[in-house]
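What follows is a single chain, given as structure tokens, in the form predicted on its own.
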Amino acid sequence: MVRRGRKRREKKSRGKQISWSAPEVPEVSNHLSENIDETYSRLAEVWGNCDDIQFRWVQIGRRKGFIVWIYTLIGKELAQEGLLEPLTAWEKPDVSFDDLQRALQTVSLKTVNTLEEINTAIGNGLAVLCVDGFDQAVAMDVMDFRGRPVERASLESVVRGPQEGFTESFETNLGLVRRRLKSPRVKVEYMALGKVSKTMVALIYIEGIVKPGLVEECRERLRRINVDSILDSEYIEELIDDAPLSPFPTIEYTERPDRLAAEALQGRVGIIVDGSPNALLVPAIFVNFLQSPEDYFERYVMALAVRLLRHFFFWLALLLPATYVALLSYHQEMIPTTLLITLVATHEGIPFPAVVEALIMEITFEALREAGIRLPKAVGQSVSIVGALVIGEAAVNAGIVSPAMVIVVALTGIASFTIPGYNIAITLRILRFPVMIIAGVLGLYGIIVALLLLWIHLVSLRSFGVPYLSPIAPLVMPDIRDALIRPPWWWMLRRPKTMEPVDSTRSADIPRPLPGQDDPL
């Protein structure tokens, strides 16, 4: 026993001597040294065990230097013609830093002064030239990384209008926006987020239209992000969200450059993230998620009808199963007699109450929809449709669910497919279940309570200081016409007051064309 106690004490004392804190590292100056060998040793140490890093030594007159790059990201021909050939053809005995910059034949060229800037430039795919005797280096863009080409937008597809969608290329996405907004008032601000990933993020807004306080708030929220990596725009969406615990999204995303351009003209701010095919739009209000880009590419008469139909189907998808459960369980007197007799006859022999029956069918439908997304595109849609038909028919024949419930669930699914915003459609799918359960317990009174709680929550939400239910609550009458309906262009002379734009005038007073008269434009 004495020996065991001694061993435990020795083991405990050894544990106390172990330090799990990081070893103290002597501070090293981040500025570049004029000694090329010292600069090389420090970069080689930082990028050690990176087999895709190359150091290429060159002789420029009497000075020696080296070029460092990630060879999997650069274009070999660009590096040879714009970088190596001008340096190898150098004939002067000496060289100044300005002469060096003028000799390089690259489109993008910038000066870097610290090791941190060099490491960031290398990670972004630039080639960095360091020369002996200079405490500065030159970073050149010779990148030729071939990513996915510009393709059609998949989630926000339209019949008429632009078909281009964002890609994972940062420069390509910015170029797609610049093609549509050519004014120098369109400002683009870069920042690198993520301590490890160093992901480039661009803030896009139109000076003179956007509220300055909104831009400053976006900058401040992005600066507060302190994480290891940003691999998609969704990371930023969660980190700058006003209500991260709410099922309703308070930040909108889009895969269409024309949508970002149109929203910037309304006074909103866009955020583009390197590696993400979706750009963020702030602030976001509830009615934005029920609007489609195609509303503005069709004649306003058709777009007006479709938008109203979309608002109707949103609430239908949320309340139809719950209303059916409440009426069939507690309020049969509200159903016409003929229809009630038919519903009771179809429900006869079903072993479950209406609320359990609805939950079974809704969960099955959601499982089929999720399976269709995960399967290859060629078979995913077929599996979803055929699976719903087969399972629904089999469930009715087996006496598990009634035919009327299958119809209700099918109508609910079709209604949810009409919602343009995928993130608000997911919210709708989640909220449908608690509303059904409370309807099965309290009937229509439960639905009313659920709607009151839902509206109280929506009224309390803010997105970058903008009320989530505006222009409905608070009521902003001039903005109502482009929220619930789609007015003609000659009626939309002012930008939405909800976004508090600096310049609220969208266009001059355009007279309405009268029948039988030539268009004044």
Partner chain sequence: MRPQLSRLQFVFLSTWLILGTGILTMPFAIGQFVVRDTWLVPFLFPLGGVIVTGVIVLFRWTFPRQSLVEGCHTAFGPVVGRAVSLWWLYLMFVTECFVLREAAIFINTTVLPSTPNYMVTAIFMIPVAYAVYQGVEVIGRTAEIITPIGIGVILILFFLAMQHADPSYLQPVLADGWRPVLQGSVMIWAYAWEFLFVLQLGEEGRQLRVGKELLVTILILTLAGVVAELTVTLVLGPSLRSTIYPLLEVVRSIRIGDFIERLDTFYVMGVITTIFLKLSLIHYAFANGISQWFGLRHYRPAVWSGGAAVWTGSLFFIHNNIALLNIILYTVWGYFTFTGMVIPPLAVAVQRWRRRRSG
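Just so we're clear, the structure is a prediction, and the values are computed from it rather than from any experiment. Residue numbers count along the first chain shown, from 1.
Not pictured, yet referred to below: the form predicted in complex with its partner chain.
Quick check on this chain: which one of Lys64, Arg42, Arg462, Arg481 has a heavy atom within 4.5 Å of its partner chain in the model of the complex?
Looking at the other structure, the residue within range turns out to be Arg462.
May I ask you to choose, among Val58, Ile485, Leu493, Leu453, the residue with a heavy atom within 4.5 Å of its partner chain in the model of the complex?
The option sitting close enough to the partner is Leu453.
Counting only non-hydrogen atoms, choose the one of 65 to 73, 485 to 493, 45 to 53, 462 to 470 that falls within 4.5 Å of its partner chain in the model of the complex.
Comparing against its partner chain in the model of the complex, the contact stretch is 462 to 470.
Are all three residues Leu442, Tyr445 and Ile448 in contact with its partner chain in the model of the complex, where contact means a non-hydrogen atom within 4.5 Å?
Yes, the whole candidate spot contacts its partner chain.
Given that the partner is absent here, does Pro336 sit within 4.5 Å of its partner chain in the model of the complex, heavy atoms only?
Residue-level check for Pro336: yes, a contact with its partner chain.
Is there any non-hydrogen atom of His331 lying within 4.5 Å of its partner chain in the model of the complex?
Yes.
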